[in-house]
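In structure tokens, one chain follows: the form predicted alone.
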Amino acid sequence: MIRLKSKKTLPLLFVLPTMGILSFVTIFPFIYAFVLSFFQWDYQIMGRPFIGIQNYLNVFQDGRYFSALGTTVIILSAALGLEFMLGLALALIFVEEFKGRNAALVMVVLPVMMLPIVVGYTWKLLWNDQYGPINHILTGLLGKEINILWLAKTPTAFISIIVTDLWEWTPFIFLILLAGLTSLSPEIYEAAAIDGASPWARFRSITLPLMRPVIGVALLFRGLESFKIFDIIVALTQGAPGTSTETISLYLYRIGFQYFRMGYASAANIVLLVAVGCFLVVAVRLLRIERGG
């Protein structure tokens, strides 16, 4: 009996150090931030007076908070849609065998292996209106002088951010979709081809329905990661012009670590966490419905 009990407790002893580290770096900061959100911690005042839910009320009256949230949603929606379409197209190409496939695969997935801050500063050089190659390439293609201030105006700044994000993160969705396509049984397609189904009919009636759970997971993972977009924004625009490209992550960083309004920053983060959590619950339920679970 003692030996059986020790067999059950031994795995827990191995897991305890990891659980302790995870608790320290995740659970404790969350609890501390939640408690802090009920206090006014501002470098301009002495002490940390308890103010109840006032920080939360201030969040819902903060126009800049919701503006940054809207900017994040715009970038997320545009980038995620383009990344999915391009990633799916690449997956459909690479699921077939062709000469040089392995070398091409390495080249395609290379951007996702780079640090986002490095990608951001690299593309900042590319978008530069004076010596960046993008304006020179457009000049050569269009046959007339092109001098677009990519990062100085709001519409072109959004284009620059979305294209940069597209270049870096399309390989992530591509790899997930490629793994899903590879797992599909070829016998299904052979039977459909014998029945006379066209390639488009096979894609619409077989590939898409079978790939829906994989597509859902890819969009969910990438969507949650896109919601935290920070490095590229800091490198390219720092939220400029004005605050038109300021994302929610950048705004919360500025509240907490530039303005030192820690109590308000904690409340704003908690509100964002609840909103993202509700979205995640709905998305997971939709995925379960798609899978028939």
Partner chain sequence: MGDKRHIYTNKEPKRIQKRKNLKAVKIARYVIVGLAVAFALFPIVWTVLTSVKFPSDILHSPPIWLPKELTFAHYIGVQELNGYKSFKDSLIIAGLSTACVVVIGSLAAYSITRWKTGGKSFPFGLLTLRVLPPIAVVFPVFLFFKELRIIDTYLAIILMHLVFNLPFTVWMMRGFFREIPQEAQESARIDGCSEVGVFWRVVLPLAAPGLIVTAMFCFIFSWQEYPYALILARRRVIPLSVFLPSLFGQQMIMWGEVGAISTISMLPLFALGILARKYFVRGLTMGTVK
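Positions refer to the first chain, counted from 1. Think of the rigid core as the biggest set of C-alphas that the two forms share within 1.5 Å after superposition. Quantities reported herein were computed from a predicted structural model and do not represent experimental measurements.
Although not depicted, the form predicted together with its partner chain is the subject of the following passage.
Of the residues Ile159, Val73, Leu149, Ile93, just one reaches its partner chain in the predicted complex with a heavy atom at 4.5 Å or closer; this is Ile93.
For the chain shown alone, Thr26 is a contact residue for its partner chain in the predicted complex, at least one non-hydrogen atom being within 4.5 angstroms. Using a 4.5 Å cutoff between non-hydrogen atoms, Val234 counts as a contact of its partner chain in the predicted complex. Within 4.5 Å of some heavy atom of its partner chain in the predicted complex lies at least one heavy atom of Ser266. Among residues of the shown chain, Ile53 is not one whose heavy atoms approach its partner chain to within 4.5 Å in the predicted complex.
Looking at its partner chain in the predicted complex, residues Leu57, Ala78 and Thr245 place no heavy atom within 4.5 Å of it. Contacts between 166-194 and its partner chain, taken as any heavy atom within 4.5 Å in the predicted complex, involve Leu166, Trp167, Phe172, Leu175, Ile176, Ala179, Gly180. The two forms, fitted on the rigid core, differ between the shown form and the other one by 2 Å or more at the CA of Arg48.
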